[in-house]
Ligand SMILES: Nc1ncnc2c1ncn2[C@@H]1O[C@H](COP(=O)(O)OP(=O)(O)OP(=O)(O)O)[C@@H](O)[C@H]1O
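One chain comes next, on its own, written out as structure tokens in the form predicted on its own.
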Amino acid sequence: MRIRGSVAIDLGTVNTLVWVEGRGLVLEEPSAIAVDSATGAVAAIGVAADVLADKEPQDIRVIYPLRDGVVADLDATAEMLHAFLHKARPRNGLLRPRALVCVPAGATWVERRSILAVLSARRPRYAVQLIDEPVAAAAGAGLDLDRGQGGFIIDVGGGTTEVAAVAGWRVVRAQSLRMAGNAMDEAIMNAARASLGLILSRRAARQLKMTMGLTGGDAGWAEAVGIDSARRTPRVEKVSGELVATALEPIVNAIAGAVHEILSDIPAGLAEDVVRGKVRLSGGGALLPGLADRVEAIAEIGVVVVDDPLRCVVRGAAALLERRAAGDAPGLA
């Protein structure tokens, strides 16, 4: 057997996941790179870089090189991704290694080309193919796309929310909203500063989001530590569930609007698959308390959170990579 060393990559705004042929999921780290501003050298990548964010160590700049699910800083993305692939250690052999990379359904031609450029920047140069995230999520959620099964997917990531109807490894209808987990964090940060005079880190806002979400949590409040905006000193504050839910409402409404719009436009032949298969909710945002219930109320169709929603997309991409030869694989962008 001639070793190729194929990889499936979920290159996300918040996290990057790498699956290696024959070994499974081998890497899951924040999409972050820390650079020494004095020398330009890379100081840390992934987890080690992410823990420095918001702490502002001298001469260190933490970069999140992806924005809204696509490449915003080409050089930093290339440096980060090749470091991740080196760490994952795919077994490169005689054949050119193959990489299947997940991209938002709404990514432009230029944005898609940037992914190809990143993986062609240095050796080993990968034979790169792209797959739309909703299709990968559908496969990872258990839909039998080989048999033409259809379904409805909502993948709430860090930078984008993908709302799509899919069938047979193809997107049927889709909307890619450039608002998701990061936008939710920013909304909570803005609300805390405006209402409480409290400056929160993104990490603290994310914790409030996942603790209380749209429901207010068990206690109706959660403790957060930030900086008093007037005194500029650390402060502990009880943040109400109402503040968090109100901050999230515009983003959740936008997602609900996209769900309603796509459902109102699906072909009649797909309707039974969608109703019987239910709406599948994936991505880190699928774990937001109250989101599944809200979507179910809007869609008037059952909603299920998929198993292991954080890894659903890379799991689906890996399934496609395993099943198909690169040249004739369906559903590739």
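Residue numbers run from 1 along the displayed sequence. As the structure is a prediction and not an experimental result, all values here were calculated from the model.
One more form of this protein, predicted together with this ligand, exists but is not displayed; see below.
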Does this ligand, in the predicted bound form, lie within 4.5 angstroms of each residue among Ser6, Val128 and Leu321, using heavy atoms as the measure? no
Please identify the residue among Leu288, Val306, Val62, Leu27 with any heavy atom within 4.5 Å of this ligand in the predicted bound form. Leu288
Even though the partner isn't displayed, in the predicted bound form is Arg98 close enough to this ligand, meaning a heavy atom within 4.5 Å? no
Any of the heavy atoms of Arg206 lying within 4.5 Å of this ligand in the predicted bound form? yes
Contact label in the predicted bound form: Ser240 to this ligand, heavy atom within 4.5 Å: no
Is Gly277 close to this ligand in the predicted bound form, meaning a heavy atom pair under 4.5 Å apart or at it? no
TL;DR on 187-195, 156-164, 111-119, 223-231: the one with heavy atoms within 4.5 Å of this ligand in the predicted bound form is 156-164
Need the contact residues for 251-284: heavy atom within 4.5 Å of this ligand in the predicted bound form, sequence order, or none if there are none. Gly283, Gly284
